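One chain comes next, on its own, written out as structure tokens in the form predicted on its own.
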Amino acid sequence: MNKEMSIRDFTMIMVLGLIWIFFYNQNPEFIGSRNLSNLAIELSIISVLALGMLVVLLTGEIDLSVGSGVGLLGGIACVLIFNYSWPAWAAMLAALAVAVVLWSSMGVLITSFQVPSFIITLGGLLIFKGLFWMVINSQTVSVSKGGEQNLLSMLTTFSFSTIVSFVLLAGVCFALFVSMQKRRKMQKEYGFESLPYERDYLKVFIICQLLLLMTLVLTQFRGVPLSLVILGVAATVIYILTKHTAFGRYLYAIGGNKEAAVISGIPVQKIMCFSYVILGCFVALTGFMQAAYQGSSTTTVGELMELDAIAACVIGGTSLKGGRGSVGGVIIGALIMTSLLNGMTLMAVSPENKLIARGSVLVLAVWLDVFFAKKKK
């Protein structure tokens, strides 16, 4: 990790700490177990979408349609469950299939016909929004029929018991230590330089302590939410995909220099198209989680979520030009965005001021991206 990125990471952590201190001073309930449980769910939703966005941003492309897609795919699942009495799992699979078709189509248009992703996805934003309103008939559609719990509604309402929560925590901490040992072993075998063992151990230990603190707080309310576990699985999948597979190396190579990637024999079009398919799957998952969190599908679901996802990525160090970004950075960026939105809601900030704050954070994030890119040169 270079010096500039270390400074950026430290700055983002400091900003997050200041945000939490500010909102705590305004309302001590901000760090209450009930609000932190809601914050964990909101973080999970934005982070899952941002992780999907990361895969596309790494190639130097972008997607402005994900917010409308969240509404459309969640709306399809809700309509099939509520209006047509489909089983929740079948409705979610149908919506997922629609996501794969739509995002693979956009990927083909962008890669095969060389149409700028900004234009294609901007058109997708409008098309998906219109289709979404048609699907739900511009009405509110519940996530369940007769008030019964189903797989879709449980995505954000189900929480694990105290015992299961701590078992999950132990499993995660064990996995982190094993992963650290395997990484250090591989670095040694291939002759790469690695951090001193004490620093690596301390980093994992601090992460485990933070997870323990989070678990203790969440178990005081209802327990660790299922959505947080979904985020953990999603983050693990994207981390392995981007850091431990040829596909991930190709993503960084394409974003770093597309022409060089083509000359090197990398199947650029296939990789970029598949990155959009992955994003579509994550949009579908986010749509299910967002609909479950709100308890229904309405015309406002997914509104401006594309901006939150992009801001979370850029705040976390992902370059809009491609070739740079990490899972950990995205989650930190998403936590900053989520904390701002949650804190402003707790303070009953007016909608217009919320929009100004979100826009300001997005502009600041892009400025930081440009600033650190110039310093790196």
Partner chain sequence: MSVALSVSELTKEFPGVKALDQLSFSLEEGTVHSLCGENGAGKSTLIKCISGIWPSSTYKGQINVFGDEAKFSGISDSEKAGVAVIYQELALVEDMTIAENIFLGREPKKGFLVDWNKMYDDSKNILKEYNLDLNPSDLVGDLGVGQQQLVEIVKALSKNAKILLLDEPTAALTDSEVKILIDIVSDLKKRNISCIYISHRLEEVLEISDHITVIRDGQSISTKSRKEWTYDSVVSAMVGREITNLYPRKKSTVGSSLIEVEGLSAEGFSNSHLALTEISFEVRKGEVLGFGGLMGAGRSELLMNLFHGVGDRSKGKVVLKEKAYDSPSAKESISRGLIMVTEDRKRFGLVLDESIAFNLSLSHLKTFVNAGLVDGNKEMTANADFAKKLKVKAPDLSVSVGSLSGGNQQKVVLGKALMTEPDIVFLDEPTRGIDVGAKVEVYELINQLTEAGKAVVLVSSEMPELLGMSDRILILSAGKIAGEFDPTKSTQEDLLEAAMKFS
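None of these values were measured; they are calculated from a predicted model. Numbering follows the first chain given and starts at 1.
What comes next is about the form predicted together with its partner chain, which is not displayed.
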{"property": "Candidate from Phe221, Trp133, Tyr252, Trp86 lying within 4.5 Å of its partner chain in the predicted complex - any heavy atom", "result": "Tyr252"}
{"property": "Partner-contacting position among Ile240, Ile163, Val178, Leu126 - heavy atom within 4.5 Å of its partner chain in the predicted complex", "result": "Ile240"}
{"property": "Non-hydrogen atom contact Leu195 with its partner chain in the predicted complex at 4.5 angstroms", "result": "no"}
{"property": "Contact test in the predicted complex: Glu148 vs its partner chain, heavy atoms, 4.5 Å", "result": "no"}
{"property": "is_contact(Ile266, its partner chain) in the predicted complex, heavy atom dist at most 4.5 Å", "result": "yes"}
{"property": "Residue contact check: Gly232 to its partner chain in the predicted complex, 4.5 Å heavy atom", "result": "no"}
{"property": "Region of this chain that lies against its partner chain in the predicted complex, out of 86-94, 111-119, 242-250, 295-303 [heavy atom, 4.5 Å]", "result": "242-250"}
{"property": "Within 4.5 Å of its partner chain in the predicted complex: residues from 308-322 (heavy atom criterion)", "result": "none"}
